[in-house]
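A single chain comes next, written as structure tokens; it is the form predicted alone.
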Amino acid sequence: MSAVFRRSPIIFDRKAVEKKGSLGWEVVLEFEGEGGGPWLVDLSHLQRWDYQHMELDSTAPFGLSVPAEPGQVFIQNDKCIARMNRTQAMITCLRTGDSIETRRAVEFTDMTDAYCMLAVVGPETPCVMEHVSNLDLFKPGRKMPFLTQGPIMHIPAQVVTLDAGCVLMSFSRGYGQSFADAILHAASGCGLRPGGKSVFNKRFFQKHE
């Protein structure tokens, strides 16, 4: 019997030249003609959790330190934890193949299938984001990484500015394909094109490990 893969709601109009199975997902590592970027990378397969606790500051979900202030983001052990408000944080496993077991703890809600996640990667990332949002995602003097909650192309999103060349956007799954098509069109003048997960890995893990 052939393996059954979960698939992202986003399909890029590019031929995949390398794929990998991960936790039941079919993940594209490289597309044909990726070029020199900037790239739009589909990370919807990465495991994500909404974590809520009335005493958030006194907890350590999966052993992670919780940022003290809303908007702060910590990167720990290949995981990203972003403080959203007084009682809520968003946790993302950034390495393909990582899995978190919550043992059905009531504080955790698995958002992997409910949300899409896209990354814009490359030195031209600020140019790309200026074409699709009025949010100040690269505020001078603000320590990166940080979280911004607001609209991207009028769609509510959580946006993590990892650094000046890498932004993560998380939003409702139903917008996935139309969002990806729209951002590729809007930022075509910046050279934005689809990229595989390897593009993100090279950028993120070389800078943050």
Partner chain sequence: MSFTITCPICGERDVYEFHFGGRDRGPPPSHDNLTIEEYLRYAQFRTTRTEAQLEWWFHSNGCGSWFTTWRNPANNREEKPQEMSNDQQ
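This structure is a prediction, so every number in the text was calculated from the model and none was measured. Residue numbers count along the first chain shown, from 1.
Another form, the form predicted together with the partner chain, is not on view; read the next lines as being about it.
Contact with the partner chain in the predicted complex, judged as any non-hydrogen atom within 4.5 angstroms, is confined among 30-38, 59-67, 162-170, 149-157 to 149-157. The partner chain in the predicted complex is approached by L135, whose closest heavy atom lies within 4.5 angstroms of it.
With a 4.5 Å cutoff on heavy atoms, M84 counts as touching the partner chain in the predicted complex.
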